[in-house]
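Next up: a single chain in structure tokens, the form predicted on its own.
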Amino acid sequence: MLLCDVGNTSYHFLDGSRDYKESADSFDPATITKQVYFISVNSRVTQKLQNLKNWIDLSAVIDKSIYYETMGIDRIVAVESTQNAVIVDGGSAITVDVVRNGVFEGGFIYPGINAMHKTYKSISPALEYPFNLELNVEKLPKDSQNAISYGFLKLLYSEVLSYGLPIILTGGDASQLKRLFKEAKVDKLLLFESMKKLIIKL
């Protein structure tokens, strides 16, 4: 079974137990001849895939009416994977979605680690510090690096914990965020596992 999560910059494939990526700009999806089940947030790529009969869009089996209109299909598929959790997807942006008793309660979008690092750097070279993801967010810092880290991490940490639900970390920065959310579960293949469940509905 070949699965593909198409993002803005890459095709992320899962072929059995092997996952790998191809560039969204240079990869030709027509080179794949076997059946591919996919989701896509990249409208340019989606138009290409609609003309390929072996690429099957799993978004068609989801009831999108229970989500808001502009919500990305990757977030929706992640939400479909669980009954009770706060899903934190760490990538170029950090998305946080809350599911309680199988109902999507809502979510929010936060700058990603790299994006926020660039923001501080653009304010002043004196603020160019790496984030301390092992910071004690229960104590106000007294140095510049930890002050920057606290400003970025405290709000995210407090908000995520406030829902009192298990936390699932996914996305490219999941391992880094695990240093902050020590009790969280890391599941970098969450979307693919959810996609497998959606295939049953076809």
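By rigid core we mean the largest C-alpha set that fits within 1.5 Å across both forms. Residue indices: 1-based, along the sequence shown. Everything numeric here is computed off the predicted structure, so don't read it as measured data.
Keep in mind that the form predicted in complex with another copy of the chain is missing from the display, and what follows is about it.
Peer 1: If you check in the predicted bound form, is K53 within 4.5 Å of another copy of the chain, heavy atoms only?
Peer 2: The answer is no: K53 has no heavy atom within 4.5 Å of another copy of the chain.
Peer 1: Going by a heavy atom distance of 4.5 Å, is K48 a contact of another copy of the chain in the predicted bound form?
Peer 2: No, K48 stays farther than 4.5 Å from another copy of the chain in the predicted bound form.
Peer 1: With the cut-off set at 4.5 Å between non-hydrogen atoms, does D28 touch another copy of the chain in the predicted bound form?
Peer 2: Output for D28 is no: heavy atoms all beyond 4.5 Å of another copy of the chain.
Peer 1: Do L140 and another copy of the chain share at least one heavy atom pair within 4.5 Å in the predicted bound form?
Peer 2: Residue-level check for L140: yes, a contact with another copy of the chain.
Peer 1: Can you check 142 to 150, 168 to 176, 53 to 61, 32 to 40 and let me know which stretch has heavy atoms within 4.5 Å of another copy of the chain in the predicted bound form?
Peer 2: It is the stretch 142 to 150.
Peer 1: Can you name the residues of 156 to 188 that have a non-hydrogen atom within 4.5 angstroms of another copy of the chain in the predicted bound form?
Peer 2: Going through 156 to 188 in order - heavy atoms within 4.5 Å of another copy of the chain in the predicted bound form - the hits are L156, S158, E159, Y163.
Peer 1: With a threshold of 2 Å on the C-alpha, tell me if A24 counts as moved between the shown form and the other one once the core is superposed.
Peer 2: Comparing forms between the shown form and the other one, the A24 CA shifts at least 2 Å.
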